[in-house]
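In the block that follows, a single chain appears as structure tokens, in the form predicted alone.
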């Protein structure tokens, strides 16, 4: 069977919020694009996030995905293939030639049915520009065994809490509604023993917004927040943080161990010059962000550089990859919030459009 060849000005690898934002921005500039998503649906991990608003919006960005998907669906310049992965890439004149391979997925259903759907067969794509928007990878808390993840009942990751937040937390806490919840920050970030010296930036806001949702829905829940420092996110956040300090117990200490206690997980930490132990119903580990899955392979495939922290791109440039016609968007470049990823996707699209402009002029005069 002949391999199908698709020609497009730009191909975007990754259908999360950064990739969708890049496609929309290219469309606004009159440029078509093909979005290639490895999974069965658009949205990446953001598709699993819920709104964190309590009395008012807290700018978590979770609601932005639905708007992006609607806008993508309304733009005929944007084509989409899900369940597809680039397995080969080579520079081809002023652009790139990619080989896409269908992927088998048994994951969640698509957020919305869009034209294009799963890649039906092995195909080639000829494009003038490539945008890599493959996202970051959450750290696996099992690699920090002292925190008891997957060993101590009632110890969960922040993403597992997110998945249960709109349903029941009892299933995470041994079948009972948790009344004492601890968050442990910087699990996998700012950790010299792992060689992960960078801050993942978004974890403090993510954890504290979930803590507020828990308290709003379950008044009387005691929240303890173990941290090294607390990130700031602008003037509005400063006011929110002051309120949260009154409603929650902030402990500036990194726990040394989490063990199983008679009534739930026990957190051992040092404070006031002595060792202390506190028991909780639920302990939430805020895992940091790691470079994309297969970052080394992608770097080799597209001849692009990596940052000093192992993410795709350059420390000195916001979207440059080190390879002509290849650009980096969103948290593939480094830890970013949902809103920051959307904005970064637009920046990458602008750079790609600048690269494509002379190619479009040449084609028009050919």
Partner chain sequence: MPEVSLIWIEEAGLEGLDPAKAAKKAGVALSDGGLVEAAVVTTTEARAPRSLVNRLKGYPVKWLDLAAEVGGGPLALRQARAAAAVARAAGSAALGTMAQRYTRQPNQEVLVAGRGLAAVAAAHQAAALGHPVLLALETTRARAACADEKPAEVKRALAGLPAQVEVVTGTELVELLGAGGDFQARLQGPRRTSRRRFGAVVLAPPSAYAVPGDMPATAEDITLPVSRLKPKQYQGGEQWLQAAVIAPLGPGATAHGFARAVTAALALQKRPRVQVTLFLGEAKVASEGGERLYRDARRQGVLAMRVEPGGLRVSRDGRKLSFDDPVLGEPVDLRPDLVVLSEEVTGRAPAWLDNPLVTTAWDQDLPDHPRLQAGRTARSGLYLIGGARGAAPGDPRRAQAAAAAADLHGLLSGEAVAVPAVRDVLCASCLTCVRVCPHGVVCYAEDHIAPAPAACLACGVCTAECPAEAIAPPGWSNREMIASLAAGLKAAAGDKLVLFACRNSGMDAARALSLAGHQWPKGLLMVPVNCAGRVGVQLILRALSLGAGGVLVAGCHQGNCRSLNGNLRAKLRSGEAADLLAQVGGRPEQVRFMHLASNQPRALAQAVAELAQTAGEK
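All values reported here derive from a predicted model rather than from experimental measurement. Numbering follows the first chain given and starts at 1.
Keep in mind the form predicted together with its partner chain is missing from the figure; the text below concerns it.
Participant: Since the chain is shown here on its own, which stretch among 298-306, 66-74, 37-45, 323-331 would lie within 4.5 Å of its partner chain in the predicted complex, judged by heavy atoms?
Facilitator: It is 66-74 that comes within 4.5 Å of the partner.
Participant: Is every one of 53, 316 and 343 within 4.5 Å of its partner chain in the predicted complex, counting heavy atoms?
Facilitator: Each of the three qualifies.
Participant: Name the residue from 252, 218, 176, 85 that puts a heavy atom within 4.5 Å of its partner chain in the predicted complex.
Facilitator: In short, 252.
Participant: Counting non-hydrogen atoms within 4.5 angstroms of its partner chain in the predicted complex, say which of 199, 278, 158, 119 makes the cut.
Facilitator: Flagged contact: 199.
Participant: Though only this chain appears here, would residue 93 touch its partner chain in the predicted complex if you measure heavy atom gaps against 4.5 Å?
Facilitator: Contact with its partner chain, no.
Participant: Report yes if any heavy atom of residue 356 sits within 4.5 Å of a heavy atom of its partner chain in the predicted complex; otherwise report no.
Facilitator: It does not: once its partner chain is placed as it appears in the predicted complex, residue 356 has no heavy atom within 4.5 Å of it.
Participant: Can any non-hydrogen atom of residue 190 be found within 4.5 angstroms of its partner chain in the predicted complex?
Facilitator: Residue 190: yes, in contact with its partner chain in the predicted complex.
Participant: Using 4.5 Å between non-hydrogen atoms, is residue 245 touching its partner chain in the predicted complex?
Facilitator: Yes, residue 245 is a contact residue.
Participant: Since the partner is left out here, which residues of 141-167 would have a heavy atom within 4.5 Å of its partner chain in the predicted complex?
Facilitator: Sequence-ordered list: 166, 167.
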